[in-house]
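Given next, in structure tokens, is a single chain: the form predicted on its own.
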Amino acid sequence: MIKRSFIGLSKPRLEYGSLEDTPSFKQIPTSKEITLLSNSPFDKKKLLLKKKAVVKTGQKLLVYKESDEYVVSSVTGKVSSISSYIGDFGRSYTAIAIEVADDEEIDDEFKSAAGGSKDATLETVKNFLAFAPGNPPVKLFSDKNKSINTIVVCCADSDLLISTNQHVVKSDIDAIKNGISILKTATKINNIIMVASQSQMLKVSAIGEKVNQVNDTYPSALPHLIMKNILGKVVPAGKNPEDIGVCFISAEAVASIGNAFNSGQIPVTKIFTLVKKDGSKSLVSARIGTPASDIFKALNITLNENDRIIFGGPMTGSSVYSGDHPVQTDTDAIIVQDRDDIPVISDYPCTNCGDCVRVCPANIQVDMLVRLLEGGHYEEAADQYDLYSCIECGLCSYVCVSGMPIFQYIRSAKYELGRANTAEATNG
């Protein structure tokens, strides 16, 4: 729900939605072919996984030699291709396509390694559950450059329209409780903080951990604002919560860990919100790697030329340019916009109305920042107008009366500066 001031001088109020009842959701049939995306750039010479390899559901697949990067097969079948996949800002991934077999066979390597919940080890969690639904940040716990002392379990969903964590809290609270117990055992971290919306407080309190209520106004459920408003810690510009010892993990990811140890099987289905062209929403469950086009077909959604597909929420999601784009471990929403309803993006210059400055939760002088970003002056933007203080909530683009894609300018600038710094460190 969106509320605006009649006068127009105060900030617009964007409210997170809530699930009053546990809704049923659509189970998408298993596709004939799924695609798993590895974070490693494609390198044919170092491939360890081979084309035509037979894989089982829940099997850990090491992709490259001398690398611990892996994916988990969400189906039983045969690897049909391994190729390069280009994502946002030219990021390179390795795409593993698997042709699905008629009969499913469950891999038992994780079951043999896991043992019981009380025997959970960090090594087992890291080696098998990094590709679980919810995208558990398990590598952070063993990162020698980080010193994690606090785990924040987010039961509220961070973007608008999304209901994934809310659904998990309502339907699988025991798995969350078990997952927290496993995290404590494996990481030796006992400082667990739950963050929940007002409607979730009673349910989450039953877990027995400390619970803090997050405000129902967007973007209060984003990690940087939770750090400031609930934990009383300000994340330095250009840093993330894990840089100061705090690891954020979603309720879905915690439930995935709990269910994995309880069943002896790595979960392979992802729950997300599907927003149709008419604005109606439904919860959907699909195998990780399912192409968006198969989901649309199952839900009778017709795509026309110039319609837009967004993976993620309306404020922070990213457009994709093909119905072949697969559901990933962190896909919490897919939004389909009719071409006639897509907001106009303009190159009209900034009118200096100040709306972006008033709405910015990081108190950045966005109107001046965007002028430098338009001209590609990224270093000056970082040095003079706090580029790295941006928490990427997208509110600036939402309120911009000129229709400028401010959020995309900021993301692009951070990416380009990151590339330049990496190249400088490598060459230096």
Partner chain sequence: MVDNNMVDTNKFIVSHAPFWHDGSKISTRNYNIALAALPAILLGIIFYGMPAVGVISLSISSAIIWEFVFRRVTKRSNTIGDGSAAIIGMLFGMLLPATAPWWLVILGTFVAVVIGKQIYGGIGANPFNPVVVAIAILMISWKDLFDFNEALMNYDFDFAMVYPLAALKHFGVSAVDSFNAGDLLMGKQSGGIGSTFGLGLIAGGIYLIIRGIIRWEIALSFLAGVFITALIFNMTDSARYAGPVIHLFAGYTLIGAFFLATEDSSSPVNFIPMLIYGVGAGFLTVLIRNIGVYVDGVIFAILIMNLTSPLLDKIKPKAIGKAA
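Positions refer to the first chain, counted from 1. From a predicted model like this one, the values you see are computed outputs, not experimental measurements.
Just so it is clear, the following notes concern the form predicted in complex with the partner chain, a form of the same protein that is not shown.
Enquirer: From the candidate stretches 252-260, 296-304, 133-141, 175-183, select the single one in contact with the partner chain in the model of the complex, where contact means a heavy atom within 4.5 Å.
Expert: Selected range: 296-304.
Enquirer: Quick check on this chain: which one of 219, 313, 264, 223 has a heavy atom within 4.5 Å of the partner chain in the model of the complex?
Expert: Residue within 4.5 Å of the partner: 313.
Enquirer: Consider the chain as shown here, without its partner, and state which of 193, 106, 309, 230 has a heavy atom within 4.5 Å of the partner chain in the model of the complex.
Expert: In short, 309.
Enquirer: Is there a heavy atom of residue 365 no more than 4.5 Å from a heavy atom of the partner chain in the model of the complex?
Expert: Although the partner chain is absent here, residue 365 would touch it in the model of the complex, with heavy atoms inside 4.5 Å.
Enquirer: Is there a heavy atom of residue 63 lying 4.5 Å or less from a heavy atom of the partner chain in the model of the complex?
Expert: Residue 63: no contact with the partner chain in the model of the complex.
Enquirer: With a 4.5 Å heavy atom cut-off, would you call residue 79 a contact of the partner chain in the model of the complex?
Expert: So residue 79 does not count as contacting the partner chain.
Enquirer: Answer with yes or no whether residue 39 is in contact with the partner chain in the model of the complex, where contact means some heavy atom within 4.5 Å.
Expert: Heavy-atom contact with the partner chain at 4.5 Å: absent for residue 39.
Enquirer: Let me test this: is every residue among 319, 342 and 399 within 4.5 Å of the partner chain in the model of the complex, going by heavy atom positions?
Expert: All of them do, each having a heavy atom within 4.5 Å of the partner.
Enquirer: Going through 331-351, which residues have a heavy atom within 4.5 Å of the partner chain in the model of the complex? Please give them in sequence order.
Expert: The stretch touches the partner through 337, 342, 343, 345, 348, 349, 350, 351.
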